[in-house]
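Starting off, we have a lone chain in the form predicted on its own, written out as structure tokens.
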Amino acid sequence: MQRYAAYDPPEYVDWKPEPELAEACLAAIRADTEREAIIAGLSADRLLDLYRGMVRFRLHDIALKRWVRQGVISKAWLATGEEAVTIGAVHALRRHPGGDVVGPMIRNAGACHEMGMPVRAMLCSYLGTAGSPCEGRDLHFGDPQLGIVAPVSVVGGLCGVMGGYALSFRYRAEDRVALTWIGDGSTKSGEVHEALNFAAVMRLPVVFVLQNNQVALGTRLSQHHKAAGFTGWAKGYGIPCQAVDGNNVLDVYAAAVLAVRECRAGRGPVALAAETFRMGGHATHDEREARATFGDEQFRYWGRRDPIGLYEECLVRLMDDVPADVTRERLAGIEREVLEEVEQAQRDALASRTAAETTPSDEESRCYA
């Protein structure tokens, strides 16, 4: 994937393939027979769809960062370096109206476009124009028709909501699953505890992705979490939990497929503990603080593990019946297509500032309390 010196972390700008890291990603899949079988059963098109989703997510975030630099918006919450956790999980779902339901945090925005929401609508939400799904009322957007539950500012607040969706699926005998993400910091909130306990006791068809970013706002993991990782933490609620490499989209996808299967079979809830790292700050306004919090070595470690670069190298190895240069050209073609999609979405969203303005007369519409 093309790197952008003005917007990508410096570790990504200088990123170079390391064969041993790509081999380690594939070895992790082969070490688990169930996950290996799932990946072996994917067609070339399905494998490339995972790549397309991650590229779309990265370019969406770069568009937001460009707008911050240009003064179009004041700040943005990005997921640079964590794309695999979102894309791998959401691709394990039935993504059609009336299918499964996701509850993304703001930094899981990639779930929205992979569930069918146009990137244009997502960008309009940052601009607060009437062209957004919430018609300019809230940055936290969703679309129930597409199975996307809008997040809330209180991170972790959707856990109970997704449990409610899952409970309704069970009462209605619907073959549907709910999925949401929980950051390492939000695992410490009371409502997350209540939601996980309730889901476990009621055996609800919901998947909780515990996304360990290594930092909660400006608080390092070691400052708020004493347990070794999160697999044992989830099991304390009676919820089976599988560890996954959050920078290996194949690992996330395969584990999510197995988790969703368990839920459909009535053996939910299930948790996935994904180890990853956000290559930036809490938002665009505190990237310098993030660098000071961790130092260069941690950024170098995770920078070598760019999930998109790693997946490109994995695809070259997985598609061993196709010459490597042909596979790389196909990936470049996908990137060009997605780049045009996102650039057009930016143009349309910027135009909506005058073509789809919100007006005072609209303020009481869709207001329920």
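Note that the structure is a prediction, hence the values are computed from the model and not measured. One-based numbering along the sequence shown.
One more form of this protein exists, namely the form predicted together with a small molecule; it is left out here, but the text below deals with it.
Interface residue among Ala273, Ala109, Val260, Val155 relative to the small molecule in the predicted complex, by the heavy atom within 4.5 Å criterion: Val155.
With the partner omitted here, the residue from Gly142, Gly280, Gly163, Gly183 that has a non-hydrogen atom within 4.5 angstroms of the small molecule in the predicted complex is Gly183. The small molecule in the predicted complex comes within 4.5 Å of no heavy atom belonging to Ala265. Within 4.5 Å of some heavy atom of the small molecule in the predicted complex lies at least one heavy atom of Leu217. Contact annotation: Asn213 falls within 4.5 Å of the small molecule in the predicted complex, judged by heavy atom distances.
Across the options 111-119, 165-173, 147-155, 285-293, residues that bring heavy atoms within 4.5 Å of the small molecule in the predicted complex belong to 147-155.
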